[in-house]
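Only one chain comes next, encoded as structure tokens, the form predicted alone.
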Amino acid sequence: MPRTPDCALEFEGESVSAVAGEPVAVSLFAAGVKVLSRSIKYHRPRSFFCLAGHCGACLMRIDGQPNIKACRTLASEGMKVERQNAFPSGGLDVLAAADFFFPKGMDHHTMFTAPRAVNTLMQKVVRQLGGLGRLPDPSPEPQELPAGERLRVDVAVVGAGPAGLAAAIACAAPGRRVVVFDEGDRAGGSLLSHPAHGVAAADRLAAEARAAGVAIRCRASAIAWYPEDEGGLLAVAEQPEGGGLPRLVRVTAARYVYATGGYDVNALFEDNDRPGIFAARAVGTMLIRHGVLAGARPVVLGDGPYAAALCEALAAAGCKVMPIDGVRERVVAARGRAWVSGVDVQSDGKTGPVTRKIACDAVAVATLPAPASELARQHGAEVAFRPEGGGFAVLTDGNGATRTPGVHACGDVCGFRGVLAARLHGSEVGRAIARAFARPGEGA
């Protein structure tokens, strides 16, 4: 999609063009601001990795509040954005010398000395090394938390990706209250980053759900299950449309469906924390939703269908794409510091490993996502480690039911399946829930 800036951010005293409603991290990247933050202790440069709010690599000071995720904060006119945890600036941080002086690691908690004056100085240094910015700017009046909401529904679905929306559609019926919660600003989940499906497919599925009577609530993060509260409830933190403090929604349902998908995982190679190394789905999201290229010469690491689709889309956008399948060839190291400048790739030769260097300006890592199974597990679902599924997957029966009555799971949280298979699984689970409601004595 074309990108047309229509507002301006204030970034460390300078005006930066942005598109209202796009993530601040994308706005800054498109404007050439690549280092967004510095790591704790070693002060290594950081940019975003997942663009989904899960990696914590893009914490910035926004409108006076520290440690705000720039990938989940939407740009608006006049928003004030600053890098943090650096001296004198995020672009040139002298405290990064710690990475040079302690190449084998350090315990900053033991950097104290006997003389009181020197010890006072060292405490300040230690706090700067191990901190995450300064306290929030003072506000004129303390803010009160917004009033909460008590919501009772028949089916509560967590996750508005292909599996969650499909499950909601399949179990919807006249008079049945079905609501879907999603932490993103738009329904669609992994569809929104997929070159072969994209925003249009996500919008069609969301429209089908709404037409079936499903309520979709975005920017609403399910944060915990409380079994001891009123017989059990799901706590959801919902961000108001106009910004401000989140509102707590307490949800009770006859059926709960966890369609939370999976987390993007980095590949294991030397210096894989360098800025410019992204989750492949983040690269897809930038391209498809925001019209921003991660780089002109990207390496795409992975051999699955998504990696192939991303390579094709990037090539169509004019990039010189270099695919590395991770099987016949493996990335063993990244080069560059403030931004990735190349990778070392190893393959098996006749007499031993052969390494070659590839110049690039971005790396898209298309590894197997890890199931986001924590909340389902807190709600009593059983999980098991399934390497072929990406990690600790939720265990269900043939109808998507977990060992806890009334708790179901579908899609990639049950082990990675991909967009189409996840949607199919969601439909199957939704139909099973609908059949249960149709039986006498079942349901709300």
Partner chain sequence: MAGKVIVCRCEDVTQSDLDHAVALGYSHLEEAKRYTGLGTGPCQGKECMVACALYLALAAGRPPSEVRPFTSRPPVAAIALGTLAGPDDPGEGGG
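Nothing here was measured: the structure is a model prediction, and the numbers come from that model. Positions refer to the first chain, counted from 1.
The form predicted in complex with its partner chain exists for this protein as well; it is not shown, and the discussion that follows is about that form.
Exactly one of the stretches 287 to 295, 353 to 361, 150 to 158, 187 to 195 approaches its partner chain in the model of the complex with heavy atoms within 4.5 Å, and it is 150 to 158. At a distance threshold of 4.5 angstroms between non-hydrogen atoms, Pro246 is in contact with its partner chain in the model of the complex. At the 4.5 Å threshold, heavy atoms of Pro103 reach its partner chain in the model of the complex. Within 4.5 Å of any heavy atom of its partner chain in the model of the complex lies no heavy atom of Arg417. Looking at Asn272, you'd find a heavy atom of it within 4.5 angstroms of its partner chain in the model of the complex. Only one of Ala315, Ala308, Ala173, Leu132 comes within 4.5 Å of its partner chain in the model of the complex through a heavy atom, and that residue is Leu132. Put simply, of Glu329, Asp203, Asp303, Asp99 only one has a heavy atom within 4.5 Å of its partner chain in the model of the complex, and it is Asp99. Annotated contacts: Lys41, Ala237 and Asn266 all touch its partner chain in the model of the complex [non-hydrogen atom within 4.5 angstroms]. Residues are counted as partner-facing when one of their heavy atoms sits within 4.5 Å of its partner chain in the model of the complex; in 363 to 399 these are Ala370, Glu374, Leu375, Arg377, Gln378, Val383, Phe385, Gly390, Gly391, Phe392, in sequence order.
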